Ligand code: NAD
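There is one chain below, alone, in structure tokens, taken in the form predicted on its own.
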């Protein structure tokens, strides 16, 4: 089969011919119907693959949808051949306290036991076929379009999870700032507008991305620069926003977020841009809570699927074939993708 694989850290991936995968005990084999491309993939190419010592070559892609075509012993009774499913990505041990509470995304044993997500430690979904380690990670999508469904597994799941622990602060008199209107940010705006009565301020460096922000419901849109701090302060009568969601995570955006969050506000640093936040008495507003959410739970993903089935979430996508997949990564790196790039093998 064909697969887009990272061969060497610091270099662009390549489209290669690799062996067809075969499911072993407990595994499920999918014929991939769609795979989303994420800025995390760019981070993997740039430094994560080397820092985390990922085994290379490795097939990229952690936003995966496919049709079940085979399963190994132990998994076959749990799945239906021919069913359309999405893949829950942050795999856990299934035994620790975090997993028992449903937080496999925060599994205590994943790092020590080398349990990694597809495309982020072992072969992912930018290929014609992929293996899923356990049947429980195959989430039914019903009649959802695979192209629109693939980004739900991260680009929607992650902001949904981030929003959950801050929803009680987003009342009718509140403001939420969304920094970065890319794959995650444009879905975050929709989730905030549907699930809370908060006013949404969207920030981005791109006029095209700000246009998308307005299309999906942002109340205000501004360029993401130092001037935006005063704009947010003016809109909030000098207080700052109740919740700031940073979907970029570079040092510049983190520096902005620290200045925009109000006293007793929530500051969610979601993006993996490599920036670092400073915290301490007098450094941030009093009782400002800083979060670094990672993906979400399987329960969250079922919620996200339900919202998509009801038409609450509309994913703006750009479709690419496997042949054009490497070029799609170049466009993503250069900020030219509007919404989410999705490969259709």
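No experiment lies behind these values; they were computed from the predicted model shown. Residue numbers count along the first chain shown, from 1.
One more form of this protein exists, namely the form predicted together with this ligand; it is left out here, but the text below deals with it.
- Using a 4.5 angstroms threshold between heavy atoms, residue 270 counts as touching this ligand in the predicted complex.
- This ligand in the predicted complex is approached by residue 38, whose closest heavy atom lies within 4.5 angstroms of it.
- At least one heavy atom of residue 247 is located within 4.5 Å of this ligand in the predicted complex.
- Mapping the unseen interface onto this chain, residue 259 falls outside it, with no heavy atom inside 4.5 Å of this ligand in the predicted complex.
- Just one of 87, 179, 241, 188 comes within 4.5 Å of this ligand in the predicted complex, counting any heavy atom, and that one is 179.
- Checking 236, 206, 116, 199 against this ligand in the predicted complex, a heavy atom within 4.5 Å turns up for just one residue: 206.
- For this ligand in the predicted complex, the listed stretch (308-316, 28-36, 292-300, 276-284) containing residues with heavy atoms inside 4.5 Å is 292-300.
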